[in-house]
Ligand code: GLC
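Given as structure tokens, the chain that follows is alone and in the form predicted on its own.
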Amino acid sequence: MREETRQWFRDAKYGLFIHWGLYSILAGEYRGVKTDKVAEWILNYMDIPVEEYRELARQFAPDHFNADEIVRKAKEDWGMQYLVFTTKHHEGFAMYDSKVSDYNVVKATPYGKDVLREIREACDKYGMKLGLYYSQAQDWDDPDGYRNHADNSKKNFRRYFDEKVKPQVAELLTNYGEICLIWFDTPMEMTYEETKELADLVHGLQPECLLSGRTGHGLGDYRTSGDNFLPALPCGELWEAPATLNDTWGYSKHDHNWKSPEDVLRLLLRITARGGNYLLNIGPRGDGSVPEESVAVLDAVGRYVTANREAIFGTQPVDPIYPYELDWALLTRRPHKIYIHVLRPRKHATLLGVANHVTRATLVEDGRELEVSCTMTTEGDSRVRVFFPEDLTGRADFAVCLETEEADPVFEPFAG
């Protein structure tokens, strides 16, 4: 795999995950009882008979789905650099025109359109990289697919693997253009040999297609954190944090625990500062519309992201680690530049223990020059202070660029 492939992922920082399937129709509720688990797992957790669940396909008519608008907003309004779409989740239903199984969005639903093809065309139109989620081990529809909290010992997984998984993955990598990554998930009891076979299939068809950390057996091309978890420190490798805007991935009409724009922005900047990517999910409704709360949060975060692109995309981990905890700011960097993301109103930004020679300070959003001083405290610590004009002192949504003579940050150790 070329270093350029790893570099685009390293620089991307922010992507859109889309969980959408038959589970979106149930919206977190089955026969009047709401699930207390994530909505896309409702078949498994509420033990819905497979034949009954399959009948949902007859109701799938998402007249409000607009691939062009979703991709346009993700790219232009939200500032995202890649998109990952669920082509087959654990429910076993294909959200594309599969020739391997008629249990798919084209052949089994009144909608009759290839959702993935619509997304592919929109991604090409707006210059968005496209990745695909595929559940390689769990398939609750296929009798030989693995299932969580079940006895899988008597299943002929090899038959399922050979007759459904590999042919469908081959379809996805052959019929839908360049795929930037395959987001495999929950490898469960797959052997190393099976996983290697799948990884070789992907790289044989598209050598520059990255594999998620959940491919299994250490065969992923980057690390994937636990859902809504992120490492406390930079790990020195490519990594990604998959995350939700509320408490579930698939749409649930009962889940109103939305993160605030401030929470999402802080998470994005924390992940960026640690060298990772933030893959943030939306779960469209059964009719294809995106919850208004998701749009409002992503619009607000997107205004910051698009105004401060330089301080986010293509930046490097803050290494060495800044030794002081800041409750009002987060730091990102690139050679000869340190960015201060100001997230609480202040009259000035003060960084203790920064011994760089700062030549200039500017407001990232418009290039305006700001007053900056580099001094020593009475305790002997280096100190950089940037003074804000009146129009910035009440704001908590801007970034400052410190230009430095040194290529890397020079952080003094915690004073003692």
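Throughout, we count residues from 1 along the sequence that is shown. As the structure is a prediction and not an experimental result, all values here were calculated from the model.
The same protein also exists as the form predicted in complex with the named molecule; that form is not shown, yet it is the one meant from here on.
Inset, instruction - Using heavy atoms only and a 4.5 Å cut-off, decide whether all three of H90, D185 and W249 touch the named molecule in the predicted bound form. - result: All three within 4.5 Å in the predicted bound form.
Inset, instruction - Examine Y133 and determine whether its closest non-hydrogen atom to the named molecule in the predicted bound form is within 4.5 angstroms. - result: Flag for Y133 set to yes.
Inset, instruction - Using a 4.5 Å heavy atom cut-off, state whether F17 contacts the named molecule in the predicted bound form. - result: Answer yes; at least one heavy atom of F17 falls within 4.5 Å of the named molecule in the predicted bound form.
Inset, instruction - Check whether G276 has any heavy atom within 4.5 Å of a heavy atom of the named molecule in the predicted bound form, and answer yes or no. - result: No - in the predicted bound form, heavy atoms of G276 and the named molecule never come within 4.5 Å of each other.
Inset, instruction - Considering only heavy atoms, tell me if D162 and the named molecule come within 4.5 Å of each other in the predicted bound form. - result: No, D162 sits far enough from the named molecule in the predicted bound form that none of its heavy atoms falls within 4.5 Å.
Legend entry - The single option of D227, E193, D200, D102 touching the named molecule in the predicted bound form, heavy atom within 4.5 Å: Only one option qualifies, and that one is D227.
Legend entry - Heavy atom within 4.5 Å of the named molecule in the predicted bound form - residue from F65, F388, F60, W41: Exactly one residue meets the criterion: W41.
Legend entry - Among 357-365, 373-381, 65-73, 33-41, the region lying within 4.5 Å of the named molecule in the predicted bound form by heavy atom distance: Of the stretches listed, the one contacting the partner is 33-41.
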